[in-house]
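Below you will find one chain, with nothing else, as structure tokens; this is the form predicted alone, and questions on how it binds or moves follow later.
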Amino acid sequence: MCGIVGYIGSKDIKKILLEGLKELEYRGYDSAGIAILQNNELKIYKAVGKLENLINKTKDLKTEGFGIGIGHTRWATHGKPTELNAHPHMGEYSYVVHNGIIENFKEIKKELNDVRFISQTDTEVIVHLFEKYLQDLNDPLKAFKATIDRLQGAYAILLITKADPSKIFFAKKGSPLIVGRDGEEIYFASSDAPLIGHAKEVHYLDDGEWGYAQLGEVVVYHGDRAIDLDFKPLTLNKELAQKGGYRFFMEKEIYEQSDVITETMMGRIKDEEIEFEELDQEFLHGIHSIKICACGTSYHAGLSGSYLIEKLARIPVMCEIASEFRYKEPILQKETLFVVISQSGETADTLEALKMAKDAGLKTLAICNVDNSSIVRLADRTILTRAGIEKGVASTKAFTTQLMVLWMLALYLAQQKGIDPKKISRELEAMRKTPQALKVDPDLHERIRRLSKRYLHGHGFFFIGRDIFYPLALEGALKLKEISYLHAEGYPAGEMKHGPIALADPELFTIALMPKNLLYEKTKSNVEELSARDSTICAISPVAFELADDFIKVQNADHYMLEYYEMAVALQILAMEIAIRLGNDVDMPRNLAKSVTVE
């Protein structure tokens, strides 16, 4: 996820901006840049790759005396990671940095038909739109307000202009932005970490807030109304700041899912249909089946996706574990679309499976979180999940965003086949509610934390579910194994009587996924069989289950996918709280690595 910094004052502007960007490296990025306005002269420096490349480019730059500056680390969404696509983006006399996605950038681009755009990004329209309004209104503040009123989507914006060289203009909607101060000096950042050691107090901007800052003054509006600022003392712990106050990065990433899933969907849900810039009818022409290949958590997302694609698009799908696929002498047919899924884009087994598919002449599609990774470079097409960097080894937001891409892909394929628009409309309605389903309820978290103390012993866990909830059971079991080191297995609920039920006793814990909207009675019957053998039951469902020893109630009962996402959050929290009680390092579990780059 991209990072933003800004500064107004008389200290070494270059140093403050570069140090601030250094503090944002943990968020992940593929390019970086700074723009400085000093003595009415605008200077810009950009570099692809690590921040060290930008530092080397600016080694001869001197920035003593008063000035203003903005900086940015970019994680590519629109356009490849190149210097032209890196921020800040420039107009004739203004620069802008932006986090988020401008959904209507194509429409704005058409309106600005006399402007020569030099990047592939959505961000560049902001600075050109601002300069157009500035010509019309001859007032930078009014021009900035007119600009943000035209933007649809999510954004945190900093803009500087020679038309008013003492000010930084800012706006926030759906993407974090903080303003800090120390005496007359003003600072901006997208998280606390760059501000520590500089700003003494901060104001966390709310959605819809915008305004300008100059030396010794910050003016904030909500709509047309000026508002009072609520400055608070800033924490002095940089690691805590990076974690956003959470105990672990994993916990922070669980809570982030509601926001990042919005970024995954942004620009792809258009009115009553799904639109992928990355795909077209020609690419999908002649495709009669799909093979999904992945490892670990990505495999569980892929297996869930196989249920969705068959259910919604009526296309046969096979999902395979990449490490097995490589050695089974698979039959590969050219009318099969080969889909690989990887958080890092460097997973060795998945990469080798992709090479096999390419060698066999199949069309290939990557679902990945890291642009310009090996898998992305090799695949014919890529859909980025836009989850931002995931520091916790046990994947959370990567899983939920991968599944969102697969759900959207299922609907996209359904559209191509001309399947009932009413059915697609119902799915889209549920999809738009997903951020709310992923939002962590503090009361739910506290309940799970309290009941977790009952699940620290015993001889193992069964996680059970049916249909698409079976892959979720697999994922719930994997999360618990990874960070608690307790034995857990995921099973299809209907398979219990075919052997596993022999293990049932009070020391066997069953985590039962019981969605109201999908095979509830069948699953209930399977859980009753386990309860009759004295297995300890923890039911996760919107419907109270009288035989459960513990019951975790989910609220979203309108659609099976909303139940799925809320249950996913509950399973992640349960695994984390059990691991914390056992005294484990949740972010760095033993024997595991974030990116598996060997067989």
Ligand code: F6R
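Residues carry their position along the shown sequence, with the first being 1. This is a predicted model, so every value here is computed, not measured.
What comes next is about the form predicted together with ligand F6R, which does not appear here.
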Check whether Gly490 has any heavy atom within 4.5 Å of a heavy atom of ligand F6R in the model of the complex, and answer yes or no.
no
When the contact criterion is heavy atoms within 4.5 Å, does Thr347 count as touching ligand F6R in the model of the complex?
yes
Heavy atom of Ile321 within 4.5 Å of ligand F6R in the model of the complex:
no
Is there a heavy atom of Val393 lying 4.5 Å or less from a heavy atom of ligand F6R in the model of the complex?
yes
Answer among 143-151, 336-344, 282-290, 96-104 for heavy atoms within 4.5 Å of ligand F6R in the model of the complex: the stretch 336-344
Note: exactly one of Gln416, Thr364, Thr262, Thr297 sits with a heavy atom within 4.5 Å of ligand F6R in the model of the complex, namely Thr297
Of Ile274, Leu478, Leu406, Val317, the one that lies within 4.5 Å of ligand F6R in the model of the complex (heavy atoms):
Leu478
